[in-house]
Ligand code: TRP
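Below sits a lone chain in structure tokens, taken as the form predicted alone.
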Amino acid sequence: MTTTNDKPRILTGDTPTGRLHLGHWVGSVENRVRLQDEYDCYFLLANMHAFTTRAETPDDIRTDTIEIVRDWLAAGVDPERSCIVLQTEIPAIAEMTWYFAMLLGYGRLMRNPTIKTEIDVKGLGDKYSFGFLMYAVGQIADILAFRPQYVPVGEDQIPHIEMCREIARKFDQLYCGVDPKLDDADYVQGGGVFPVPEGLVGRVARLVGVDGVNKMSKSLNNCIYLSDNEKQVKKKVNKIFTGRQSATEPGDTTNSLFQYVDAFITDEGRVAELKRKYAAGDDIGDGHVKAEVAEAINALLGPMRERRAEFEGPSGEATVIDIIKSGTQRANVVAEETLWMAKEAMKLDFFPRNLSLS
């Protein structure tokens, strides 16, 4: 079976570790929603990866998987235009993870700064599982199983994308005879199975959390969630610390508060006016700016709250599961096609197989 969509393809996703927040929105999710009409979009629920650090909490992983889909749907992901995919029901991903592991050295894997950061942030020390390291290889398989041209990600995921690009080149050169002198964009035309995908970073590469210091992160409890209500948003925005003492003191418009001004107030004239007055100490305090930021964020999240309400409760969860199943069925067609192409290149094409979900 072959796929015929002529649009360039996108693959990205999230590991279910809890609800999505504004950092996810400006870093990646906003891009996904915007690109749905222009691209053939696949959005992966990486629930297998969640087991690399949370294997003892399967109930929580299942709950978080449902919650992330609710967040996606609330944000504007349309299952009629985009394919929502459950990783654990795409067996081609697991098989390709094994093949790609043969092409990736341990030393190269451990030079990935994202892996080092996760080990430090999660306090894993030297007690992480082998599966934790395989997660990085699995992420390559997640991407290449769908042969995408682009991968919308946050800035911190770019090292993973670069490693994926290396493996795509190596596979195509080794098994497909692609000339290593070719430009990345020409690898498929040159006979390769896999395109060399490009990362697409969102308009805000790193949104600071409401602590005003660290990147917005669930583990640091400094998030504004996409599902927060108006009161919660106002309370959290009011926590943003700038160190400014009074409304007549010249302010720094590169501080954490003004990152939110730039990210969420859509009226460019108003942003310019706030910056001018704040920098001049022209009788505008942090409280006033925070009120405008909270209003802008609530204007963004209001429609999301309404859409999310459609998928709450038992009946809403049943709808979510139906959406996941439908998307996964469609995704398996693509992933199985990719696996067969890869196995042909590797001389493992003894006989084809058909896969279906009941």
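Residue positions are given as counts along the sequence shown, with the first one as 1. Bear in mind that the values here come from a model prediction, so they are computed numbers and not experimental data.
One more form of this protein, predicted in complex with tryptophan, exists but is not displayed; see below.
(Q) With a cut-off of 4.5 Å between heavy atoms, is residue 187 one of the residues that contacts tryptophan in the predicted bound form? (A) No.
Q.
So, residue 339 and tryptophan: in the predicted bound form, are they within 4.5 Å at any heavy atom pair?
A. Looking in the predicted bound form, residue contacts with tryptophan do not include residue 339, since no heavy atom lies within 4.5 Å.
Q: Answer for residue 11 alone: is it within 4.5 Å of tryptophan in the predicted bound form, judged on heavy atom distances?
A: The answer is yes: residue 11 has a heavy atom within 4.5 Å of tryptophan.
Q. So in the predicted bound form, does residue 44 come within 4.5 Å of tryptophan, heavy atom to heavy atom?
A. It does: once tryptophan is placed as it appears in the predicted bound form, residue 44 has a heavy atom within 4.5 Å of it.
Q: Choose from 95-103, 197-205, 262-270, 148-156 the stretch whose residues reach within 4.5 Å of tryptophan in the predicted bound form, heavy atoms counted.
A: In short, 148-156.
Q. With the partner left out here, if you bring back tryptophan in the predicted bound form, are 65, 311 and 324 all within 4.5 Å of it by some heavy atom?
A. Not a single residue of the candidate spot has a heavy atom within 4.5 Å of tryptophan in the predicted bound form.
Q) Which listed residue (135, 175, 225, 258) meets the criterion of a heavy atom within 4.5 Å of tryptophan in the predicted bound form? A) Selected residue: 135.
Q: Find the only residue in 168, 90, 84, 143 having a heavy atom within 4.5 Å of tryptophan in the predicted bound form.
A: Contact with tryptophan in the predicted bound form is made by 143 alone.
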